[in-house]
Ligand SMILES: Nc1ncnc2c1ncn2[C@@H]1O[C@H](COP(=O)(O)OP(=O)(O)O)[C@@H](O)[C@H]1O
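Given as structure tokens, the chain that follows is alone and in the form predicted on its own.
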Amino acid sequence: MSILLEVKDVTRTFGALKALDGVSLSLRKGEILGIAGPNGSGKSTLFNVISGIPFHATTGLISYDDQEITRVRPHEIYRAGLARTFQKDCEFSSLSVRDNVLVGAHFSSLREEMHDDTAIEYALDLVGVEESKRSQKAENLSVFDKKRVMIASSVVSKPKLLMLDEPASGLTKPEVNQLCELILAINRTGVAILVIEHIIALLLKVAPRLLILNEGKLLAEGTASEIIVNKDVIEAYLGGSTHP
């Protein structure tokens, strides 16, 4: 299967701080790749430089769908089919659920068709927002439903790649299980997914391959079964040993 996203030796500095230090990764079309690591390891910074929001990489090369996007403007990256969510819910609280998704359509390559409700209803169906909630103001939704709306606002653009930044934050265990099913459902439509998450159980359920960051560097990469027994990962991420 061909490569959709390639990150080569990317760094991001803030003064003397190296938030990313020579990180490389590749993602195949239709693949799910999980990213984990301690707080401050550079996970969200990696998403930021890939999407261009709110900054680009300091050095290195990022290619998406055979095009270099290292310095491409964020809205152009989005229209090319690379969408992302954020750790904090980013809904427009005073707008209805449908209008929130309409905003996502407006900034995508679908902007000329944004008065056609087909794409909006498709996105809301895909993430599981009930019909009865679609005319409500987003501020009245539960935490999980707000996350669904944020994801719908991204998938409405019909992306080839969806990047999810800690989507399970604030969810209950049953909701995390529902989120796993949602991620797999989106992937079954052909969308490749990069997902950052602290809840390792979620990554093990959805991602055949994992990447671990630590202090801005790539610590380990491999299958889920390889990563969970990796001594470096256990020490850096879990803060313990392989023995009880």
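The first residue of the shown sequence is 1; numbering continues from there. Small disclaimer: the values here were computed from a predicted structure and weren't measured.
What comes next is about the form predicted in complex with the named molecule, which is not displayed.
Colleague: The named molecule isn't shown here, but in the predicted complex, which of 57 to 65, 185 to 193, 40 to 48, 199 to 207 has heavy atoms within 4.5 Å of it?
Modeller: Heavy atoms within 4.5 Å of the named molecule in the predicted complex occur in 40 to 48.
Colleague: Answer yes if any heavy atom of residue 10 is within 4.5 Å of a heavy atom of the named molecule in the predicted complex; otherwise answer no.
Modeller: It does not: once the named molecule is placed as it appears in the predicted complex, residue 10 has no heavy atom within 4.5 Å of it.
Colleague: Classify residue 23 as contacting or not contacting the named molecule in the predicted complex by the rule of any non-hydrogen atom within 4.5 angstroms, answering yes or no.
Modeller: No, residue 23 is distant from the partner.
Colleague: Classify residue 87 as contacting or not contacting the named molecule in the predicted complex by the rule of any non-hydrogen atom within 4.5 angstroms, answering yes or no.
Modeller: Yes, residue 87 sits close enough to the named molecule in the predicted complex that at least one of its heavy atoms falls within 4.5 Å.
Colleague: Is residue 16 close enough to the named molecule in the predicted complex to count, meaning some heavy atom within 4.5 Å?
Modeller: Heavy-atom contact with the named molecule at 4.5 Å: absent for residue 16.
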